[in-house]
Structure formats: structure tokens, C-alpha cells
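Okay, so here's just one chain, in C-alpha cells, the form predicted alone.
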Amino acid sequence: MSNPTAAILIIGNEILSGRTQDVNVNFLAKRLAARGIQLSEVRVVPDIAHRIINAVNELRASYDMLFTTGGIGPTHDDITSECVAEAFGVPWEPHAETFAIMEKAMPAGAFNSARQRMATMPRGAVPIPNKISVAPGFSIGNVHVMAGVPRIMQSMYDALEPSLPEGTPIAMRAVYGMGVMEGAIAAGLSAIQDKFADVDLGSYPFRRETSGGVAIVAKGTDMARLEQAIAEATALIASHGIDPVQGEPA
């Protein structure tokens, strides 16, 4: 049985402008791999309704689950929630339980119309709580809508994770060589990939202050095959007179 698949949809002009550096993909990719969920695509879209709606519909149809980050705050450009409602063809309406919780948690008069947006969800959505702030994310169908702020998103994912499907954990092994050139090992690496078609094998050049090299990374669910592939990659580096180092370069 193949592992479940997933996509991440990052929503926000601040990511596309370069003002904010996304760190959520790194967190989610690692946690999904450990659960045996294959992250197959990451997409970034601006705060434009039709772009969000189209991306949500395309990605939720293409993969077993979709995780979105960003656009669920109280301001005018936080439109993810209503766009997800539109994508599912359901009303966007106050979520009674969330509305009551948020109203109770805030001082009198503080739960204004802007904050009430964070208690408004697609009909049928299930809230995703977090320990950082009172405003939740939500799940509807196979779509999980979370905050863009990393600490809050991570708290939401922690709450959500036990309900997600599981597959065989996706492991990773790496080896690198200082001074080896990617072009010198390309043919040998292709041969290893052909031999281990069930292993995802990649080469990643890097540069340090005084020298550089190439890291070879193998990912897969069969540990024996993974170890065999990285052993052959290690021998490939050594065949060029370079001492291989297990792991990734610091």
C-alpha cells in the first residue's frame, strides 16, 4: 500500500514579496515524512480570491490531503477561510462554539467585527485548536487550514497530527565529500538511481568559506534499500579520491 500524499499551499503576498521568509514548509515536510505522508507539492499564491480558490480545488483533488498556511487573521487581506468555503461550495458563517470561546476569552468589547472573522468558517468545518492563541484553524474534507505564524501553525499541527492517516515513515540518509565536483559523479549517481528506482536520490552542491563539495541524499521507506543506496553513493565519492563523510555538511 502506498503512502498517503499531501500538498502545502502557502497563502500570502508577504511571502511572494520576500518580506517574510517561509519556515513552515521545513517543519511540515519533516513532520509529514516522519508520519509516512509523502509531501508531493508546495505552491505559493497571493491574497487573491480566485487564485486561492483554484489552487485549493486543484490540490485537494490531486492529493490525499492539503495543508494551507496563512490568511486566517483578522485583517482585510486574510481571505483564506472564505475562499475555502467558496471552493467547497458551502456558506461562510460564524462557528457557534468558536465564537463563544473567543468572545469569553477577550475583554468586554474587544471581540470586534475584525476578530469575529477568525471565528467564521466554512459550514461543516472542524476547528483545529492551538495552545498559543485562542483563534483556531480548521479542517474541512481533506483540507487543513492553519495559521501562517510559525509558532501558531506548529501548535495547530501538533493538535491535528493524531487524526491524520499514517504510512511507512520516510527516512533519509546522506553522505558528502569536500572537494568532489557534481559533474564528476553525475554518471555514477545516475547508475545508482537506476539500480535503486524505489529510492529518491539527489545531489546537492554546497559551498563553504574556503571549499565546497557535493552532498548526496537518499530518501525512502525501505531502510535496507536506503542503506544500500547510500553505501554505493559513499563508494562513488571515495572512488574519486575523496574521503566521504556520513550525514549532511554543517
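Note that residue numbering follows the sequence shown and begins at 1. This one's a predicted model, so the numbers in the text were calculated from it and none came from an experiment.
Although not depicted, the form predicted in complex with a further copy of the same chain is the subject of the following passage.
- The single contact residue among Asp77, Glu103, Glu166, Asp158, judged by any heavy atom lying within 4.5 Å of a further copy of the same chain in the predicted bound form, is Asp77.
- The stretch among 135 to 143, 121 to 129, 148 to 156, 93 to 101 whose residues place heavy atoms within 4.5 Å of a further copy of the same chain in the predicted bound form is 148 to 156.
- a further copy of the same chain in the predicted bound form is approached by Ile15, whose closest heavy atom lies within 4.5 angstroms of it.
- At the 4.5 Å threshold, heavy atoms of Glu232 stay clear of a further copy of the same chain in the predicted bound form, well away from it.
- In the predicted bound form, Glu182 approaches a further copy of the same chain with a heavy atom inside 4.5 Å.
- a further copy of the same chain is not drawn, but in the predicted bound form it has no heavy atom within 4.5 Å of Ala49.
- Taking a further copy of the same chain as it sits in the predicted bound form, the stretch 196 to 222 comes within 4.5 angstroms of it through a non-hydrogen atom at Asp200, Leu201, Gly202, Ser203, Tyr204, Pro205, Arg207, Ala215, Val217, Lys219.
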